[in-house]
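Shown next as structure tokens: one chain only, the form predicted alone.
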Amino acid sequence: MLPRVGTVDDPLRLAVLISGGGSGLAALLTHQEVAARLHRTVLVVADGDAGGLEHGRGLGIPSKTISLPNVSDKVEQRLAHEALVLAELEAAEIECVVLSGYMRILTPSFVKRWKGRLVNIHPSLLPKYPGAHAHRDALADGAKVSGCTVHLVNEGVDSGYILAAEEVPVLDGDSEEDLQERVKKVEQILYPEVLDQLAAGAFSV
């Protein structure tokens, strides 16, 4: 089930989940601030003490750290953590969850609950180079083109329905950091644009 169609008067309520500095979150918030949009970020959640939380706090958006509970069993720990996240999402009446540099793999039970309303951006042209080391894998493969992909999240790893993708050249002598920075610039434009389209009901899955 895809999210409802938003309106300027009643924008789609987004939660953004982050793990780091939140450059993608900052780009999305700027996008939402400069013009009326069909979506609005109303909650930011991090799985640790992420610097990106300040982007939300600076605009008065509830921005919270939900750390992993002190549970010894790793499976139970994941489930307990996701239960805490879910409680925040429900309390904020979230309608769509946006993963932006969120480094935790979500359990199938969490994904099932949000399927069609759970979006991610991945720094490669999927299905090539899924997983946590996309830039390293692209360079090791001798790729001449990489990029980024916005997709709906399913129970697999970076295997959900692709909403949009954008190519980025791989240049001779690129390091992982060089490629990462070039891809980030494109991500920060593409992701907000795709969320515009998603909130407008432009996709049918």
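On a predicted model such as this, the values are computed, not experimentally measured, just so you know. Sequential numbering from 1, following the sequence displayed.
Although it is not shown, the form predicted in complex with ligand GAR is what the next lines describe.
**Prompt:** Every residue in Val5, Gly116 and Gly160 with a non-hydrogen atom within 4.5 Å of ligand GAR in the predicted complex?
**Reply:** Not a single residue of the candidate spot has a heavy atom within 4.5 Å of ligand GAR in the predicted complex.
**Contact test in the predicted complex: Met103 vs ligand GAR, heavy atoms, 4.5 Å** = Yes - in the predicted complex, heavy atoms of Met103 and ligand GAR come within 4.5 Å of each other.
**Prompt:** Wondering, does Ser23 line up within 4.5 Å of ligand GAR in the predicted complex on heavy atoms?
**Reply:** Looking in the predicted complex, residue contacts with ligand GAR include Ser23, since a heavy atom lies within 4.5 Å.
**Message:** I'd like to know if Pro108 sits close to ligand GAR in the predicted complex, meaning any non-hydrogen atom pair within 4.5 angstroms.
**Reply:** No, no contact at 4.5 Å.
**Request:** Using the partner position in the predicted complex, report whether Ile121 sits within 4.5 Å of ligand GAR, counting heavy atoms only.
**Result:** So Ile121 counts as contacting ligand GAR.
**Message:** Heavy atoms within 4.5 Å of ligand GAR in the predicted complex: which stretch in 88-96, 75-83, 108-116, 121-129 meets that?
**Reply:** It is the stretch 121-129.
**Item:** Sequence-ordered list of residues in 161-192 near ligand GAR in the predicted complex, where near means a heavy atom within 4.5 Å
**Value:** Going through 161-192 in order - heavy atoms within 4.5 Å of ligand GAR in the predicted complex - the hits are Lys184, Glu187.
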